[in-house]
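For reference, the chain that follows is the form predicted on its own, supplied as C-alpha cells.
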C-alpha cells in the first residue's frame, strides 16, 4: 500500500527522532517536528495505521513507537535526503590520505578503516585488495649473478611477488629480454585469476625452445594461482558498536566480539555485498548471516583504476544515521579511489 504524504512525514519524523534519542517516539514529539502541522490526536491515528502496516512497532503498551525494519527500509529508499558533511569531517577524510602515495596499499587501507570508525563512531571494516583481482602489469627477470636470477611479478595495484631462480648460462641477456617482453605482451591487463593453468601451458608451448630456462619463472605464476585467495579484513572501532544501547546485554556483546574475531566470516559478508552499486544497505534480516541480523551493514566498493578490488563497510545497530553515514562512506571511498589509482 502506498503511503500518503502525511504518513511519510510522520514516519520520517519518527525515524529521525529515534535515531537521535534511541527512545520510543510519541505523538507529541512528532507534532513538534518541522513540517508536520497536525494535532497529536491525528498523529496518533496515523501512527497506529503505520504500525498496522508494519512500518512502526510499539515496544510497550503505553510507550511511543519505534521504526521497524520495514520502516527503516522505506526511510532509506524514499524519505532521506543527501547527507552533508561538516568541514571537520571533510578535513578528517581528506587529510588521512594526503601523504599516502609513497606507502604500501595495506598501510593505506589500515589507516582508512581507522579514520572511518573515528568519523562515524561506528565499527568499520574494509576488505583488503585481493591479489588475484589485481591486474598484471609486468614480469621482470633480474640477474643476481651468473647462476641466479630474480623473477619479479608486478601488478597495477602495487602487489609485488618475487622468487629467486636458477639461470641457464646459455641464455643471453638479449634472449632473456625477448622472452620477458613476450610474456608481458601476452599477460598485460589480465587479472591474476585470468592467468589460468591452460593459458600458462599455451605460453609454454609458444616458448618451448626456452622452456627449461623459463620453467622456474612460470612456477611463480602457478604458485600465485594456488595461493589462498582470501584477502585480509581490516577492522576499526570494534568497541564502538558495544556502546550503543541496542548492544548492552552480555549475550549481544559476546556475539559481536566473537564475530569480529572471525575474519573469514567478515570476508564472506563483505564479498557477498561486493557490487558495482554506489552504496549497498542491508538492514536486519536482509543480511544473510544470522550473526548480524540485528544490525545494519552499509558497504561500498573501492577501486583501483576503475577495477573493483574490495569493499568498505560500516556495521552498527539498525538505528543509525543513514543519511550522514552514507555521505561519509561515499566521500571516503572517493578519496580512497583517487589515492590508489595510478592513472
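Numbering follows the first chain given and starts at 1. Model, not experiment: these values are computed from the prediction.
Omitted from view is the form predicted in complex with the DNA, to which the following refers.
Chemist: Answer with one of 48, 308, 280, 33: the residue that has a non-hydrogen atom within 4.5 Å of the DNA in the predicted bound form.
Modeler: If I apply the 4.5 Å criterion carefully, the residue I get is 48.
Chemist: Can you tell me if residue 285 lies within 4.5 angstroms of the DNA in the predicted bound form, counting non-hydrogen atoms only?
Modeler: Flag for residue 285 set to no.
Chemist: So, in the predicted bound form, is residue 39 in contact with the DNA at a 4.5 angstroms heavy atom limit?
Modeler: The answer is yes: residue 39 has a heavy atom within 4.5 Å of the DNA.
Chemist: Would you please decide whether residue 64 lies within 4.5 angstroms of the DNA in the predicted bound form, comparing each non-hydrogen atom pair?
Modeler: Heavy-atom contact with the DNA at 4.5 Å: present for residue 64.
Chemist: Is residue 8 close to the DNA in the predicted bound form, meaning a heavy atom pair under 4.5 Å apart or at it?
Modeler: No - in the predicted bound form, heavy atoms of residue 8 and the DNA never come within 4.5 Å of each other.
Chemist: Quick check for you: of 310-318, 287-295, 270-278, 52-60, which stretch puts a non-hydrogen atom within 4.5 Å of the DNA in the predicted bound form?
Modeler: Single hit among the candidates: 52-60.
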